[in-house]
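Next up: just one chain, as structure tokens, the form predicted on its own.
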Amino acid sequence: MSLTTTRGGRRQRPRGTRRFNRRDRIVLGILLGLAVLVDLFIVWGPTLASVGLSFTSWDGISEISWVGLDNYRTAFTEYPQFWPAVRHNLMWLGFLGLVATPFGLFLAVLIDRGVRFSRFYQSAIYLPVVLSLAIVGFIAQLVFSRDQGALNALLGRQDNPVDWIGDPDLNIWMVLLAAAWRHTGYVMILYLAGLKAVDSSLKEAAAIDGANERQTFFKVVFPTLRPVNVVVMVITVIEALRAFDIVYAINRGRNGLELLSVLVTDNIIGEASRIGFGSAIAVVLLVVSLGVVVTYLVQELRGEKDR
């Protein structure tokens, strides 16, 4: 560390630099160590345990027996709910990523332009975010219920009601609308914060160069939102693949609403208590989640490096 000399001949350290003493290092070590231990205990410990248990047969009471890849083979070839659950999770991811997320960005752009009552719109759209997905599931039941639902009453179909959440061909789409209702507000707030941070001089320079509003947004504004895009992408993947509460509140994730998270719960804490088999499904969910997120982040990092 370099030192500077003052008028009196004394040497002092440059401003902005500070050497940690022994007490500081001990405090930092304790604080960081506690954070790492909590992370290992709550996140990585159960994760690694699930990976290990996925190769075993265990009901939580009897002795653990090693079965190798049998749990995965059973899930892929003999478990009838597995592939519908995979399809529904991918539909969830596609709907949130291709419909709800762009719509949240669209609302953020509109509010950022300073429309009248923008504070009211911002609060109203964000309001569902403070609700848990279980509460959103109960609200979906009130809206889409066959006999007393608000949607059938609004459409005037009390005499010939549509079973929106009982029909396996329709209920997944109704639940996706409810989940997107909550997800849109979250995305809107994130993008709105990103738009507020965009340097206005960039927009002015684009206008001077003759760019219209559409060209300015896609050529100037949207590229500057790259950090927000990464956060939104990761959140969207997590929200899509960990979905559980809303379908469990509606019909316990059955009859067209099967999800991998529901299958994990049913097998691990259900009557069968097939902890090894449920852990195998959980590992599949983990691999899919990491695969999507890591692939996207690698592409983003490569694009950033190329620039």
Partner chain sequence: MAQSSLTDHGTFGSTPGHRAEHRMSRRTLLRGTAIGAGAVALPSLLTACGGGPADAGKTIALGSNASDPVPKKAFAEAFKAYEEQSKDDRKVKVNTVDHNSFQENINRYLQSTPDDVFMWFAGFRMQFFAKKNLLHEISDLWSGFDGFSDAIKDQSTGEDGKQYFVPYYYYPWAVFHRKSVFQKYGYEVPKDLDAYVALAKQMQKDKLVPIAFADKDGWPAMGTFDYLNMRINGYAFHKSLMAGEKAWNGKEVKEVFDTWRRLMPYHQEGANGRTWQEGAQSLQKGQAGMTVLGLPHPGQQFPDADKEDLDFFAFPEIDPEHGQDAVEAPIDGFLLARKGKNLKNDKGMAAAKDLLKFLATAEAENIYLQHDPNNIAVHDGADTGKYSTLQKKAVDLVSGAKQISQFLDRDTRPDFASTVMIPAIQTFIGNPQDVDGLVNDIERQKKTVFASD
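Rigid core here is just the name for the largest C-alpha set that superposes within 1.5 Å across the two forms. Positions refer to the first chain, counted from 1. Keep in mind it's a predicted model, so treat the numbers as computed, not measured.
Heads up, the form predicted together with the partner chain isn't pictured, but that's what we're talking about next.
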### Message
Using a 4.5 angstroms cut-off on non-hydrogen atoms, would residue 240 count as touching the partner chain in the model of the complex?
### Response
no
### Message
So in the model of the complex, is the partner chain close enough to residue 78 to count as touching (4.5 Å, heavy atoms)?
### Response
yes
### Task
May I ask you to check whether residue 270 falls inside a 4.5 Å heavy atom distance of the partner chain in the model of the complex?
yes
### Query
Quick one: does residue 41 come within 4.5 Å of the partner chain in the model of the complex, counting heavy atoms only?
yes
### Task
Determine the residues of 119 to 150 with a heavy atom within 4.5 Å of the partner chain in the model of the complex and present them in sequence order; the list may be empty.
141, 145, 146, 147, 148
### residue 174 C-alpha shift between this form and the one not shown of 2 Å or more, rigid core reference
no
### Query
Does residue 30 count as moved between this form and the one not shown, where moved means a C-alpha shift of 2 angstroms or more after fitting the rigid core?
yes
### Message
Taking 2 Å as the cut-off, check whether the CA of residue 133 shifts that much or more between this form and the one not shown after a rigid core fit.
### Response
yes
